[in-house]
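Given as structure tokens, the chain that follows is alone and in the form predicted alone.
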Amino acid sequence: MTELVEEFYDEPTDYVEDEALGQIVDAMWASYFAHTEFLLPSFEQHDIEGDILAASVTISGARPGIVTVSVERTLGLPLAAALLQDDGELTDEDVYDSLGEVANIVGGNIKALVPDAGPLGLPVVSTAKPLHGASDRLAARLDANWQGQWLTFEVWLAGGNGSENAGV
């Protein structure tokens, strides 16, 4: 059926859109961060300025992609403390593991929306914006504010010429 739909439109079909990403992030936040301040989604893009901390997971299969979450580096520690529910002294490894877990949770839920998706890759955390393939398209994006700082969730899927931006 998927092939028929894609063949009919002669364009890749997006299985992930802003609304679906928003619902997944909302559910994740309610499950893991309900004891903290609300996550406030924005209808506008807010590029993260300054030092960045980013986590990504890849989706393999017939329609490969990458799911990323990026934050200002200074937000990494409070995010990890909230996820781990630990006000003690956290290490950089705790911060990286926590951000990777957020990407993994969101990525696993995104993977469930992509037909013929293969395994989810292990989280990769870096101090630079994650790279995606030149032919990948931004399928969905969510910018949200927590504790006065921005988080950006993105889903890139293979296909298209990269100039489309279905999610924004």
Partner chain sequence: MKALVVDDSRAMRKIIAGALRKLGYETIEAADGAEALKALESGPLPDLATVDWNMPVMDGLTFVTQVRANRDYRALTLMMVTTEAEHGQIVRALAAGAHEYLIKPFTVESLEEKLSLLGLLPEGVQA
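Positions refer to the first chain, counted from 1. Treat the numbers as computed from the prediction; the structure is a model and nothing was measured.
Here the subject shifts to the form predicted together with its partner chain, a form of this protein not shown in this document.
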Query raised in the report: its partner chain isn't shown here, but in the model of the complex, which of 65-73, 104-112, 124-132, 39-47 has heavy atoms within 4.5 Å of it?
Result: 104-112
Report task. Give a yes/no on whether L77 approaches its partner chain to within 4.5 Å in the model of the complex, heavy atoms considered. Result -> no
Requested in this report: Answer yes if any heavy atom of D92 is within 4.5 Å of a heavy atom of its partner chain in the model of the complex; otherwise answer no.
Outcome: no
Report task. Give a yes/no on whether I52 approaches its partner chain to within 4.5 Å in the model of the complex, heavy atoms considered. Result -> no
Report task. Find out whether any non-hydrogen atom of M28 is located within 4.5 angstroms of its partner chain in the model of the complex, and reply yes or no. Result -> yes
Requested in this report: Could you list the residues in 69-95 that come within 4.5 Å of its partner chain in the model of the complex, counting only heavy atoms and keeping sequence order?
Outcome: L83, L84, D86, D94
